[in-house]
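As structure tokens, one chain now follows by itself in the form predicted alone.
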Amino acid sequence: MELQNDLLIRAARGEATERTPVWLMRQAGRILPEYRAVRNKLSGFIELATTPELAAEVTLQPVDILGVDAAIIFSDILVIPEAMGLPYEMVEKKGPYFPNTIQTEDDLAKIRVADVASDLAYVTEAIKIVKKELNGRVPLIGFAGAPWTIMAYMIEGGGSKTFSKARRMLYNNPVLSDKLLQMITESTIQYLKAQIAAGANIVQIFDSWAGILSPDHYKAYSLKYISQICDAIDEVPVTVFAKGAFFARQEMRHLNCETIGLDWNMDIQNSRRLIGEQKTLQGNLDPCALYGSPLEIENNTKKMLQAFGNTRHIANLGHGVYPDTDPEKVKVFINTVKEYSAYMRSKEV
């Protein structure tokens, strides 16, 4: 089906666009009262994510309510370890919790490369529903967690400020680490390909815990596996977002992907110089800027757009939108991107 609004795809490929496309990480979520209304009827997050009709409903909400240029499928990066045989729980106000973790070769022997067709059919089914409902209005983004980020949870057992258990594993048992990372990588490639087959127009790899690794460990235990995924996905554009990995930007220019996401701590011009002209950059307004007044949000958004200038750019925040953000403030950001970037393009002609 031909897209009516293909700005995101064209921007990712480096083609000319009439204005900068805009979407937000975590746009389908707690900022919207409509999302909370759906969520409050259920037992929890996991029930919502695993019920295709409801996951599709909340995926579509930001397109209808906020006017973003893309939908992103409502799911979670931790569906991969669950599909590999390591289930998790989502504890209210605490986050994910794994009753069992990977510590030894014996633990590793109990899990498997995911059978995506059976174990993750609820995600692909949700994608098919969204595609039908969107009817070509905007593209649909599929996603997965980067292997290192997924491994960090599988070893640590939940969220952590340091992920010291997972990082210790890299030092104490690099062989087990590589085996686990390879299993996650193979599962992720199959998963992303299944999302694309179901209708995803572009996919994003989230390396949420990139920034806690040393540069050498990041190269050996994260970029190596992200690179495998990028090389395997040739059907649609690929975005890599590695939060905190400011030290790896020069290496990222060599990834076989179209777009690199920047967090709000990464200087825009410096990032462009390090990553090069051949990649689209995505980001990178500080999510906290959306707590400002409408005028402040407008000014900060314009400042960001000016810094990116006439280079390949997809507008976004430098991380996911925070749950207590006013949706009206989010609309100010989105509308400013649309109007000001169109104005900037008109001045170039």
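Nothing here was measured: the structure is a model prediction, and the numbers come from that model. The numbering used is simple: start at 1 and walk along the sequence shown.
The same protein has a further form, the form predicted in complex with a small molecule, not shown here; the description that follows concerns it.
Novice: Among the candidate residues 276, 215, 85, 95, which is the single one with a non-hydrogen atom no more than 4.5 Å from the small molecule in the predicted complex?
Specialist: Flagged contact: 95.
Novice: Would you kindly say which of 101, 190, 228, 208 lies with a heavy atom within 4.5 Å of the small molecule in the predicted complex?
Specialist: Only one listed residue qualifies here, and that residue is 208.
Novice: At 4.5 Å between heavy atoms, only one of the stretches 72-80, 215-223, 231-239, 177-185 reaches the small molecule in the predicted complex; which one is it?
Specialist: Only one stretch passes the 4.5 Å heavy-atom test: 72-80.
Novice: Could you tell me if residue 28 has a non-hydrogen atom within 4.5 Å of the small molecule in the predicted complex?
Specialist: Flag for residue 28 set to yes.
Novice: Mark residue 148 yes when one of its heavy atoms lies within 4.5 Å of a heavy atom of the small molecule in the predicted complex, and no otherwise.
Specialist: Because no heavy atom of residue 148 falls inside 4.5 Å of the small molecule in the predicted complex, the answer is no.
Novice: Taking the small molecule as it sits in the predicted complex, is residue 36 near enough to touch it, meaning that at least one heavy atom pair lies within 4.5 angstroms?
Specialist: Although the small molecule is absent here, residue 36 would touch it in the predicted complex, with heavy atoms inside 4.5 Å.
Novice: Is there any non-hydrogen atom of residue 246 lying within 4.5 Å of the small molecule in the predicted complex?
Specialist: No, residue 246 stays farther than 4.5 Å from the small molecule in the predicted complex.
Novice: Kindly confirm or deny that 138, 312 and 340 each have some heavy atom within 4.5 angstroms of the small molecule in the predicted complex.
Specialist: Heavy-atom distance to the small molecule in the predicted complex: none of the three under 4.5 Å.
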